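Taking the form predicted on its own, here's one chain by itself in structure tokens.
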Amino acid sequence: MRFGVEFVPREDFWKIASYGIMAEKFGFDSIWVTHHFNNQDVYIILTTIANYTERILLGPGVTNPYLYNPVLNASALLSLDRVSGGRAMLGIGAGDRATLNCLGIEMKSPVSAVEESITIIRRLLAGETVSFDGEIFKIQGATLNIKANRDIPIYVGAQGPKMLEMAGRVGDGVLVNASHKRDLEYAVKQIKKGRGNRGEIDVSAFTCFSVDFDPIKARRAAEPIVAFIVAGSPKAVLERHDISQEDSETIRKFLERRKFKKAFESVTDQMMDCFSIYGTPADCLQRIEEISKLGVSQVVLGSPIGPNKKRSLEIVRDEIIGKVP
């Protein structure tokens, strides 16, 4: 089992870079940095981490077609790959509905938007001059002045059935936004359905993760993330866990109105168990061992990681990495 870690670029850049240095030293395989308009720019932070690391893979986890045009994404990705010495990867998904609504951006045809973006990005990285007339993107004669020295892997951030199937069809990997074995069992089936006989694909469980020797502290740290997950989850995912659309809508409206305390207080025990891996090292290790048997090849420890990132990374190094087959 390989391990990745996600960082949210809202802290000082030097602090995030220090986390990246620790992740590499502690044996993590990849670093994913989130892309939200209200944080520091994802590619600038990834480049900063690249300058202080040598081995670990780096990518946005995840960007989306609505905030970043695919041509700009291709340019930024290629720049990161050059700066990092060939360690870039792309994580791209539909984005967060609540965030996009805040900006007045319509999440139009998300599966098509992501698939079209991947097509355009791959062609640009290969050095092509791209003209594209799609459902979402209309591009005429776009080109980059340099091309990639390698095939940069593209991971699709996916959760719903259609996005998962598309991810299996076109992705090099899939970042499954899931922490529960029920979701991951379903996801692997959908990915295989889309993949057909196209060969192996890296299936990564992109979890909401929080570890601490005090399980109450671990839970409190994860509650805000779970609130956003519930608010943005597709109907099919909510139904799989018997969570009502009304409860999801309630949390989403609280978040949109910036009533964060009410949103976080609305997170139930059931939501925590379904949409996060949290608790003591033993609790977390048990959950990771469960999902390792489902065809998952990498676990990404997503936000918040724990109530104290440095300490939680140390706990993962000492108590989890190397202990999962």
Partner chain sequence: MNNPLLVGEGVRNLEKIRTEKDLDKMCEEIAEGLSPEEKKAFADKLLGILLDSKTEARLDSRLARTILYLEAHDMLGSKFGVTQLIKASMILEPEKTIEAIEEVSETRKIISAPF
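The model shown is predicted, which means the values in this text are computed figures rather than measured ones. Residue numbers count along the first chain shown, from 1.
The form predicted in complex with the partner chain exists for this protein as well; it is not shown, and the discussion that follows is about that form.
The candidate spot formed by 12, 18 and 21 is fully in contact with the partner chain in the model of the complex: every one of the three has a heavy atom within 4.5 Å. Only one segment in the set 258-266, 66-74, 272-280, 22-30 has residues whose heavy atoms sit within 4.5 Å of the partner chain in the model of the complex; it is 22-30.
Under a 4.5 angstroms non-hydrogen atom cutoff, the partner chain in the model of the complex lacks residue 37 among its neighbouring residues. In the model of the complex, the partner chain lies within 4.5 angstroms of a heavy atom of only one residue of 46-84, namely 52.
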